[in-house]
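Heads up, the chain below is alone and in the form predicted on its own; it's given as structure tokens.
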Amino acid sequence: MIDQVVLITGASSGIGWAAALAFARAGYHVCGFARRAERLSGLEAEIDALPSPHGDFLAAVGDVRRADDAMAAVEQTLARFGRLDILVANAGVGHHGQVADAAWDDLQTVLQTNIDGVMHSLRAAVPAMRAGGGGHILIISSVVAGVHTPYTATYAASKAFVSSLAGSLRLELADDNIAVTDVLVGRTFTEFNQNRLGSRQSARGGLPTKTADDVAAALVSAAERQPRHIVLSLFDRLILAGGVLTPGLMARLAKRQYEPSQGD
């Protein structure tokens, strides 16, 4: 068994669910933090059914948008396992539609989840990691953080924020022996698109798509290597390079992907 403990936000679906399974399978003890208690119960049952040996699972029900809930999740983790080594700041929500016309409640939900949620989670986790002599924070961002993306602007801006945050945190926390990894995820097949706020229209197809299990495997590998960045595919690297070298072209391509259909 690996004597390390990981706290994963947004563990009730998608990348968070897959990551909880992957870490537990690899022998890590896992605290899954999410709002949906029934989904966490299902995740616990799935982890319990893994071939032995595997890590133990703790469900922490709460909302990353509330600082007290994030703190409670860390406290529950320490009470159960005695330590916290890794935070996977994964909880996030998308949005499709024009910024000027979007419902303010939707935009606020995106910003509070994708930005405030990361801030609350890391501010709760860092003191526990310091007390344990170090740790590792993996922040789930997106390749769109480096691209101007019309009609998903709020989501992309929130990911640009957390990617910038990761770079600064890495320097701030180096003396505490806490590593920070910016995880730049490309298009992934999960419930994310169905749960996106705003327009129900999905992005147009035709682009390479990873699975949640692909991302989860990369996270477990990163927990061992502690890289500064993770980019899962060559295609994703090309997107990031295009955002720097040919931003106008990338913006036009993004517009084609996300522009609302007639009557949407």
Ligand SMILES: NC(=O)c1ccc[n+]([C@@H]2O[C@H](COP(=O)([O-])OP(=O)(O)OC[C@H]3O[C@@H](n4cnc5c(N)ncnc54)[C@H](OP(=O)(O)O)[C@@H]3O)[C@@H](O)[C@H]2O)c1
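One rule holds for the numbers: they count along the sequence shown, beginning at 1. This one's a predicted model, so the numbers in the text were calculated from it and none came from an experiment.
The same protein also exists as the form predicted together with the named molecule; that form is not shown, yet it is the one meant from here on.
- Between the named molecule and the residues L84, I178, V185, L122, the one pair within 4.5 Å by heavy atoms in the predicted complex involves V185.
- The candidate stretches are 165 to 173, 146 to 154, 88 to 96, 71 to 79, and the one lying within 4.5 Å of the named molecule in the predicted complex by heavy atoms is 88 to 96.
- Under a 4.5 angstroms non-hydrogen atom cutoff, the named molecule in the predicted complex lacks D56 among its neighbouring residues.
- Proximity of D63 to the named molecule in the predicted complex: non-hydrogen atoms within 4.5 Å are present.
- Contact between A20 and the named molecule in the predicted complex is not found at the 4.5 Å heavy atom cutoff.
- Remark: Q226 does not count among the residues lining the named molecule in the predicted complex, judged by a heavy atom distance of 4.5 Å or less.
- Scanning 129 to 152 for heavy atoms within 4.5 Å of the named molecule in the predicted complex gives I140, S141, S142 in sequence order.
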